[in-house]
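As structure tokens, one chain now follows by itself in the form predicted alone.
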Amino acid sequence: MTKKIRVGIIGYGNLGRGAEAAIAQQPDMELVAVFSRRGAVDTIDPEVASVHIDEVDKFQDKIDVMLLCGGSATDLPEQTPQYAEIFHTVDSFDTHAKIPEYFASVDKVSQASKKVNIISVGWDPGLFSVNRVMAEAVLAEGNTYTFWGKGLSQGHSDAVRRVEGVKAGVQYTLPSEEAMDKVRQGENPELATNEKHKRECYIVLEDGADAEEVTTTIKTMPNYFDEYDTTVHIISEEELARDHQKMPHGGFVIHSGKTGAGHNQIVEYSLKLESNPEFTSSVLVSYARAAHRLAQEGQFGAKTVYDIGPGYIHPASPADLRKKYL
């Protein structure tokens, strides 16, 4: 019997919990332990070891791939370079503008530690990234448009919650139906950032926090809200619990181009997700398989979805993939 891939999880919020559930669905993986700053946490499977993050070094020889399930704002920039020294890792860093420098910081560690560290895995960045590049490679003359939502954004919600004065909150991304219709009709419109999406934040303030100051801080946050039409709603904890606990999301990648004789061609990829964190964590888990396989081949260094063929993330053998899917 083939030995299962031993996986660990650092961070046990929505993404970490989703990763535990996803690992249980994989025929070739087993979850060794969950690590958290809180120490012991209530895992889905009570048999799974729950360990304080300070003890993670003791598991270096017991875990094949570590999933880093912290937030992109402050957790991953610190944690990934740290844990890339001792583990093969997969993370979901999603601050698009900072990916090049983030990649460089991780790769510097990966090259020295000879580990495989796959960054920015999920559906965007991740699956949407692959579809953007494939469409542009096939239709060289054209434009690619990405629309997100309607849905709750984990990364942006995390960023909102870290603003001083915010006790709790969520952020929703809403795509413009008018803009998408223009793209699908082959008009190739030039769309400003705030013409494609709007952002809506629902936040609960800390006692004594200045609502106007908090609102301004959110609306002017670089890389998250400063380029968007952003609305901030101040609500109660009761409203947040009642109306904003679900985590749907989705989106569209649409490439509008022309082939050699001038024919309009539209390529579209879409996702409709009932649970954003569960889907994102499922993508992370599939790339844990890729990290393990690459490591077995002797590869190392930071990687992105552009460096990894789809066969590496599927449990089937290359021969079975050719027979069943090609």
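Values in this document were obtained by computation on a predicted structure and should not be read as measured data. Quick note: we count residues from 1 along the sequence shown, nothing fancier.
Omitted from view is the form predicted together with a further copy of the same chain, to which the following refers.
J.: Each of Ala140, Glu274 and Ile313 having a non-hydrogen atom within 4.5 Å of a further copy of the same chain in the model of the complex: is that the case here?
T.: The answer is yes: all three residues contact the partner (heavy atom, 4.5 Å cut-off).
J.: Based on heavy atom distances of 4.5 Å or less, which listed stretch (33-41, 64-72, 51-59, 260-268) is in contact with a further copy of the same chain in the model of the complex?
T.: Selected stretch: 260-268.
J.: Though a further copy of the same chain is not shown, can you say which of Thr173, Ser105, Asn131, Thr215 has a heavy atom within 4.5 Å of it in the model of the complex?
T.: In short, Asn131.
J.: Note which of Leu127, Val204, Val109, Leu191 lies within 4.5 Å of a further copy of the same chain in the model of the complex, where distance is taken over heavy atoms; exactly one does.
T.: Selected option: Leu127.
J.: Do Lys4 and a further copy of the same chain come within 4.5 Å of each other in the model of the complex, heavy atoms counted?
T.: Answer no; every heavy atom of Lys4 is more than 4.5 Å from a further copy of the same chain in the model of the complex.
J.: Would Gly208 count as touching a further copy of the same chain in the model of the complex under a 4.5 Å heavy atom rule?
T.: Flag for Gly208 set to no.
J.: Against a further copy of the same chain in the model of the complex, would Arg289 count as a contact residue? Criterion: heavy atoms within 4.5 Å.
T.: Yes, Arg289 is a contact residue.
J.: Taking any heavy atom pair closer than or equal to 4.5 Å as contact, tell me whether Pro222 reaches a further copy of the same chain in the model of the complex.
T.: Pro222 lies outside the contact set for a further copy of the same chain.
J.: Taking only heavy atoms into account, state which residues of 97-111 are within 4.5 Å of a further copy of the same chain in the model of the complex, ordered by sequence.
T.: Residues within 4.5 Å: Ile99, Pro100, Phe103.
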